[in-house]
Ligand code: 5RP
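Below you'll find only one chain, the form predicted alone, shown as structure tokens.
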């Protein structure tokens, strides 16, 4: 991570910290910008006491910051979820899953009343697809799903050696130009063997916080 990129991510993370107010429990995602957010949580005097986490990696980091990690099934209401993205548009449609936590991220986003996405400005794009689209699949269905993705114009590559926290595989789909992310998300979610697609468009972010060289932009 370059110093310039790191500074932009820190600005976005800091802006998210300022949204916490009286939250007693928050949802926390996964990734390099979220790591900076968690580090900031550790320094807050009045930080949230509990969190729901999207990955084992974030769970360990939250625990080290003195924050109790709860199972989502034990949480009746989740007002705020903070996470990053690999790509984002001005419409707040996202591609996520570079870190492999897309399924749990999507579950927490669906459960949260407000989903805040924190990124640096290099992640902003006009059309999604420059970053390969992650698709989590049941292992026995990997080649079946790959054929279906290839038939739709993508070039799926198995992320060999990587297993998700749910015990599944990931296909990273290259070569897509995603002009209608809502329709594509719905279509790919129907493929037999697909667990989750890394498109967050049916339920987009409610607020996009973008760290820039000048400060922070919000959308």
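All of these numbers come straight from a predicted model, not from anything done at the bench. Residue numbers count along the first chain shown, from 1.
The same protein has a further form, the form predicted in complex with the named molecule, not shown here; the description that follows concerns it.
Contact with the named molecule in the predicted complex, defined as a heavy atom within 4.5 Å, is made by all three of 9, 83 and 97.
Look at 85-93, 70-78, 142-150, 106-114: in the predicted complex, residues with non-hydrogen atoms within 4.5 angstroms of the named molecule sit in 85-93. Of the candidates 179, 192, 166, 32, 32 is the one whose heavy atoms come within 4.5 Å of the named molecule in the predicted complex; the others do not. Mapping the unseen interface onto this chain, residue 101 counts among the residues with a heavy atom inside 4.5 Å of the named molecule in the predicted complex. Residues are counted as partner-facing when one of their heavy atoms sits within 4.5 Å of the named molecule in the predicted complex; in 110-147 only 123 qualifies.
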